[in-house]
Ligand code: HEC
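Given next, in structure tokens, is a single chain: the form predicted alone.
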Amino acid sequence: MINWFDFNEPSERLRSVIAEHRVVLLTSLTLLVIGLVSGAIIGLNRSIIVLLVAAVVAPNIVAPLRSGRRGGEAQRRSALRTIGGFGLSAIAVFGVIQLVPYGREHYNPPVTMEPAWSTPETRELMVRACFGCHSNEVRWPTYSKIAPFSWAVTQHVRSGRDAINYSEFESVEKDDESIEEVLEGSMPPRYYTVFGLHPEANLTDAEVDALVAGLRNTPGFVEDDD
């Protein structure tokens, strides 16, 4: 068993721990990197990703670190058991998070007032590019019922509606920034179309120009001159 209170040779002890338990440490680090990258792609909060990875890692990291030095065949068997343990923990954590209530409320309130769109094409382009998060006509995909994707989708819709809701346009109390968002390419966001999701939201340059022109002629959309 490792004596954590032996400070005679701390650097040597650290190297020994890394050498003895490199499978555990490398697997944990790999899971963290994959989790953070995946979370960034789907727009999931980093702290949630870290907690999920910790839940998978924790049951598998304590026993190996408490065990003594192993070598040869015993070390290889221990490594295989560790990797298998990570897999089982990941499956267990995935099952448990399905019980979390957040992300299960998929609702579309009534449409109360939309902008007076300048043309039918303007509305059609907005529906394709923006209504997935900024309206009361959200089409909730199948994966929005599966955690942790459901958490990300719910958060996107809630924050999108809070920023601007085109189905409740009378509630807007300040100049909208939709034109700037479209021109900058930040609407729709990348996570909305990653891996081929929502291909209809990928507007061509001509469609972007048509949308911007239509919004400029729609009451309530004021472009920032700065």
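Numbering starts at 1 and runs along the sequence shown. Keep in mind it's a predicted model, so treat the numbers as computed, not measured.
The protein also exists as the form predicted in complex with this ligand; that form is not presented, and the subsequent description refers to it.
Chemist: Test of understanding: in the predicted bound form, would V182 fall inside 4.5 Å of this ligand by heavy atoms?
Modeler: Yes, V182 is a contact residue.
Chemist: Against this ligand in the predicted bound form, would M187 count as a contact residue? Criterion: heavy atoms within 4.5 Å.
Modeler: Result yes; M187 sits at the interface with this ligand in the predicted bound form.
Chemist: Can you check whether I97 is within 4.5 Å of this ligand in the predicted bound form, heavy atom basis?
Modeler: Although this ligand is absent here, I97 would stay clear of it in the predicted bound form, with no heavy atoms inside 4.5 Å.
Chemist: Using a 4.5 angstroms cut-off on non-hydrogen atoms, would T30 count as touching this ligand in the predicted bound form?
Modeler: Because no heavy atom of T30 falls inside 4.5 Å of this ligand in the predicted bound form, the answer is no.
Chemist: Based on heavy atom distances of at most 4.5 Å to this ligand in the predicted bound form, which listed stretch, 121 to 129, 81 to 89, 142 to 150, 103 to 111, is the contact stretch?
Modeler: It is 121 to 129 that comes within 4.5 Å of the partner.
Chemist: At 4.5 Å, heavy atom to heavy atom, what parts of 126 to 164 sit next to this ligand in the predicted bound form? List them in sequence order, or say none.
Modeler: Residues within 4.5 Å: M126, A129, C130, C133, H134, H156, S159, G160, A163, I164.
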